[in-house]
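Take a look at this single chain, the form predicted alone, given in structure tokens.
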Amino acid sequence: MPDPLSITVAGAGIGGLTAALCLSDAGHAVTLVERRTGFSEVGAGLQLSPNASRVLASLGLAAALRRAGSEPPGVVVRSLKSGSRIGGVRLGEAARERYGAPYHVIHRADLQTLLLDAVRSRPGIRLLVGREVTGLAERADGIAITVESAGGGRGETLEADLVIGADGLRSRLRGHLDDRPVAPARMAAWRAIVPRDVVPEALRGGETGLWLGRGRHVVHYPIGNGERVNVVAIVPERQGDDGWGRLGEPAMLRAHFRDATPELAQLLGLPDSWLVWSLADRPTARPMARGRLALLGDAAHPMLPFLAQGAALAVEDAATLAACLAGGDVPKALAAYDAARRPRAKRVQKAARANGRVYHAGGFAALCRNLVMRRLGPDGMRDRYGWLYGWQPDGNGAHGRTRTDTPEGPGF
């Protein structure tokens, strides 16, 4: 059995925390470095499809996920102007039976809390907060990063066998492998959470609601044991912002949905404050790993939110990287990780971009979309993503495999 490795992970988001757990459970010593000093996530829910939830369950987190999240019975797709039903996606028990793992929705803060609790319970993980990576030096037998306190101050050098960049869309470490820039997507995500008991009665069910219109859409689903509803509205934006969450004026959002059906307009009128994220895109890093440096999650392949796979792909990355390192030879393991992950990340990025075009179609294209959704039905809509939801690492971690693999179409 290979000797345990010393591994430094930069970034304690969903991907970095999951990587720390996967690597620690494989016997490695992990130092997790996070720029922030707190871990609050406001106004953000996320979806964990079976390809991610099965990995988290393998880390002993299945019960915690059931307590903190929920399993929507499905997705109901409607026209945001007329309110008429376009189609649906069957999830819940049907998804669990089909893919062997649940489809969860959860507040990002709740997921981060349960991951942090698990990290703090592992004696092999050292957590350093308030530290920012400022430099990297690679040698034949190791790699070192320089970290400084986020407010400035004396630097500290951390020696390791490998470094993992899980430091997000504008990753500092990515530049050592691929310096192609971030591109604005000219869209913004407006996010808010409202109490479920004030939501229009027709929208209080457990399903996910998806409302489609030309150039914009809305998603909502219950979180927090069903007591709150997470609402996300995607709208056009001329000028993006590099910040991570800014306050948005409710009247500006309502102006984008003047023609919305009354139930949806009422829902969007409930929040008295919104947090706004400018969407951005960036190609999958070429390569995602080399030598003794690997990237995962948004640092490697940011995902537009039209397939709900940003967190899920980061979780997949973490599991695959840990499995590839079982051989012990770091450069060979990272080459295998890159070969396994880069094609899949590019495929999911492409599918997410295509979904955005489908969601926001108008005229004849929207009519064709609606006809396809109705023809496929709720099970067909779900099963077209067998290639995505059925993924799991294979025995040696070099690649992934799926429980079921069905052709992809224009998305939902």
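For clarity, every value in this text was computed on a predicted model and none was experimentally measured. All residue numbers are counted from 1 along the displayed sequence.
Keep in mind the form predicted in complex with a small molecule is missing from the figure; the text below concerns it.
Q: Quick one: find which of 251-259, 301-309, 203-211, 266-274 has residues within 4.5 Å of the small molecule in the model of the complex by heavy atom distance.
A: It is the stretch 301-309.
Q: Answer for Arg108 alone: is it within 4.5 Å of the small molecule in the model of the complex, judged on heavy atom distances?
A: So Arg108 counts as contacting the small molecule.
Q: With a 4.5 Å heavy atom cut-off, would you call Glu34 a contact of the small molecule in the model of the complex?
A: Yes, contact at 4.5 Å.
Q: Heavy atoms within 4.5 Å of the small molecule in the model of the complex: does Arg90 have any?
A: Heavy-atom contact with the small molecule at 4.5 Å: absent for Arg90.
Q: When the contact criterion is heavy atoms within 4.5 Å, does Glu316 count as touching the small molecule in the model of the complex?
A: No.
Q: Please tell me which of Arg172, Arg98, Arg78, Arg292 lies within 4.5 Å of the small molecule in the model of the complex, judged by heavy atoms.
A: None of the others qualify; the residue that does is Arg172.
Q: Have a look at Leu334, Val229, Ala189, Ile143 for me and say which one sits with a heavy atom within 4.5 Å of the small molecule in the model of the complex.
A: Only one listed residue qualifies here, and that residue is Ala189.
Q: Are Ala12, Val133 and Leu296 jointly within 4.5 Å of the small molecule in the model of the complex, each by at least one heavy atom?
A: Every residue of the candidate spot has a heavy atom within 4.5 Å of the small molecule in the model of the complex.
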